[in-house]
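Before any questions on binding or motion, here is one chain by itself as structure tokens, the form predicted on its own.
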């Protein structure tokens, strides 16, 4: 199977390489063109534009940074819409439901087929093919691309109509961002209370709150190390979109709102390109009153 891939950031690069390793033919495109070079070394072809990739490949996947990037790749000159007739577009970016719906309607109107399929998981799961795929939209297309999803992920869910995948991803990331803030506060409180934060990690890992995120991130956070598996600026974007979803549905979300403020503070401190666990640094700032 030949697959197009638009967007070679942390996630897109890992996912593309995974497909190449499993024998897929992959044609890639990235706005910063130099990022394509490493993929060529792994056997990928390069498309000059999103339109060129879609023209060449029956199936094209996008993994882009935010709603504006997702819309731009579809609607701008030399974009996806120019050659989408009879072809299939799978958007795996994390966007809001409205953005997904706009893209879906435009692609369907041009005779194309659309599936949204955001993922739960960051750099390491992407490299290992252990993502959780949250798909919605064209069920026939979902069934066709399951061989791709089986390489990229450990489990795929089909959630019904377009927008449901986006909503599920935002809910998941909202919970994750809120948990990370509580975790950071706990580590800091333990240390300032004269306790060993390393021992706290052991206690948490043996109880009902044991989870992969604490186990993976905790030791690095104690060393003030935040290599970006999931950039903080993207986590804050997802918190913002989740809060907007809460507004639409009249759901009070004070915990998530507070977490969002912490991520915004971290961005203002210049931490946006570090891992989202770098929100821990906001608790060390002199003006923190907690």
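Positions refer to the first chain, counted from 1. This one's a predicted model, so the numbers in the text were calculated from it and none came from an experiment.
Keep in mind that the form predicted together with another copy of the chain is missing from the display, and what follows is about it.
Mark residue 200 yes when one of its heavy atoms lies within 4.5 Å of a heavy atom of another copy of the chain in the model of the complex, and no otherwise.
Contact check for residue 200: yes, within 4.5 Å of another copy of the chain in the model of the complex.
Check residue 185 for me: does it contact another copy of the chain in the model of the complex (non-hydrogen atoms, 4.5 angstroms)?
Answer yes; at least one heavy atom of residue 185 falls within 4.5 Å of another copy of the chain in the model of the complex.
According to a 4.5 angstroms non-hydrogen atom cut-off, is residue 113 in contact with another copy of the chain in the model of the complex?
Answer no; every heavy atom of residue 113 is more than 4.5 Å from another copy of the chain in the model of the complex.
Taking 4.5 angstroms as the cut-off for heavy atoms, does residue 99 touch another copy of the chain in the model of the complex?
It does not: once another copy of the chain is placed as it appears in the model of the complex, residue 99 has no heavy atom within 4.5 Å of it.
Tell me which of 249-257, 50-58, 36-44, 222-230 has residues with heavy atoms within 4.5 angstroms of another copy of the chain in the model of the complex?
Result of the contact check: 249-257.
Thinking of 108, 124 and 234 as one candidate spot, does another copy of the chain come within 4.5 Å of a heavy atom in every one of them in the model of the complex?
Judged in the model of the complex, none of 108, 124 and 234 sits within 4.5 Å of another copy of the chain.
Considering 151, 204, 71, 141, which brings a non-hydrogen atom within 4.5 Å of another copy of the chain in the model of the complex?
Exactly one residue meets the criterion: 204.
Which residues within 147-180 place at least one heavy atom within 4.5 Å of another copy of the chain in the model of the complex?
Counting only heavy atoms within 4.5 Å of another copy of the chain in the model of the complex, the contacting residues of 147-180 are 154, 155, 157, 159, 164, 167, 168, 171, 172, 174, 175, 176, 178, 179.
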